[in-house]
Every structure is written in structure tokens, then in C-alpha cells.
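One chain follows as C-alpha cells, the form predicted on its own.
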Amino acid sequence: MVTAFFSLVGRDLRLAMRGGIGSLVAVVFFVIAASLFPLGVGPESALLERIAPGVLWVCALLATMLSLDRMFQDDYDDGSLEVIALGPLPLELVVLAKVLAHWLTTGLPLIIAAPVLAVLLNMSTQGFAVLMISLLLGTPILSLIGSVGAALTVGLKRGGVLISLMVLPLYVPVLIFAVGAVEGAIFGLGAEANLLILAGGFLFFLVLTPPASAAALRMALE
């Protein structure tokens, strides 16, 4: 079962790499969107430092949503999803494999790009470590929540718009606590409480979302 799980993850990663620039849309959007803020609000260092945590997290959140509709849709369109559902893996583990592949191709590149953009936005170095930790904890939550929206809209036309409408309200708490953690580290208010909440949220959604997504996929495949 473990072999089947990682084989499915590897398959999705190979498909993403074959997709070329399409697989990099999220990180390209993240870089471009964050880079526009200094042009829009001006080059004032104090202002950029103040808004940097919020800007980076809002851009990361929006970038993650760009690729959610591809989590299950491509496999559904070519019939692969039905074959995978009939395989040795329970559908809940299939969802987890899809979420892991989505995070590796979307969340991880965002985390790698974040320090460079933080420097561009003149973010205080005191918040760098907490920014990385908050992204490591928060971006998997975005993928987990997004899997439910992607499963509910699989097979629907223009499902990407519906996914955004469904998951965006659920993303708001992640945004609040992640930005709060980074700002707490920068302004000396402490980041531990917010990071612990993010860690708890990750464990909560890790348990809750795979069964919910699997149930939605079963309905779509019936």
C-alpha cells in the first residue's frame, strides 16, 4: 500500500513536469503579484516592511488556488480517476497522495521563492524564519482544504471559479494566524501561539479533509 501511495505521488509529479510552464503558473503568479506591490504602493521602506507579511501570504493563497482545479479534473476527464479508485489504495489515501503532489508542485516552490520576495518587500529579517515556518504549516492546509473543493466540483464546467468561492472563506483563518505569527516575530509580540494554532489546524484538516474529499469523489464517479 505504501508503494502504491508513493507511486501515485510520483505519477502526478511526472505529469506536472511534462506539463511544462503550466506546472509553474502558481509560482510565476506568486512572484509577479508580490513584485507589483512596490510599484503600486511606492518604494517607501517603512510601508513595505509593514505590509510585507500580509502581501506575501495573500499572494501565496491566491497562487495556491490557481492549480486546485487540476488536482482531480485531468484524471477525471481521461478516465484515470476511475481506474485509480478501483486500485489497491483506499480513496482517502488517493486524496492524500493527490494533496501531497499538489503541495510539492505548488506549495514547496512558493516557500522557496518567499525569502527572495521578502527581501524585495524590505521585510525585517526577524520575521524570515517565522515566515518560512508559517508557510510550511499553512500551505499544506491550503492544499488539504482545496482538495475538498476540487472533489466537489470535479466534472463541472468552470469548476475553478466554484472552487475559489467555496475554499476562500475557509482560507481566511489560515491567513489571519499566519500573518499574525510573522508580524508577532517582527514586532516582538511572539509568534508561538499563532504557529501552534496553524500546527493544530494542519492536523485537524489532515484528518478531516481526506474522508470528505473521498466521499465527494465517490459521488462524482457514480
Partner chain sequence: MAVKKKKAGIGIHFFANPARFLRFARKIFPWVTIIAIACIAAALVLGLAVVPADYRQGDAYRIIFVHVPSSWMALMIYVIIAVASAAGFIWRHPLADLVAKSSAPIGACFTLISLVTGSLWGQPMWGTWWVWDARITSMLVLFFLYLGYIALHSAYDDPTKGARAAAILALVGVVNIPIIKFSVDWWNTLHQPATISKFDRPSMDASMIAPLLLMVVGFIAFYLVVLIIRLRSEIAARRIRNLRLAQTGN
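Bear in mind the structure is a predicted one, so any value in this text is a computation, not a measurement. Residue numbers count along the first chain shown, from 1.
Keep in mind that the form predicted in complex with its partner chain is not shown, yet the notes after this line are about it.
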item	value
Partner proximity in the model of the complex: residue 169 to its partner chain, non-hydrogen atom cutoff 4.5 Å	yes
Distance check, residue 57 to its partner chain in the model of the complex, heavy atom within 4.5 Å	no
Exercise: residue 162 in contact with its partner chain in the model of the complex, heavy atom 4.5 Å	yes
Partner contact for residue 67 in the model of the complex: its partner chain, 4.5 angstroms, heavy atom	no
62, 47, 197, 31 - the one with a heavy atom within 4.5 Å of its partner chain in the model of the complex	197
Check all three, 4, 8 and 25, heavy atom within 4.5 Å of its partner chain in the model of the complex	no
Interface stretch in the model of the complex with its partner chain - options 86-94, 99-107, 128-136, 144-152, non-hydrogen atom within 4.5 Å	144-152
Residues within stretch 101-115 having a non-hydrogen atom within 4.5 Å of its partner chain in the model of the complex	none
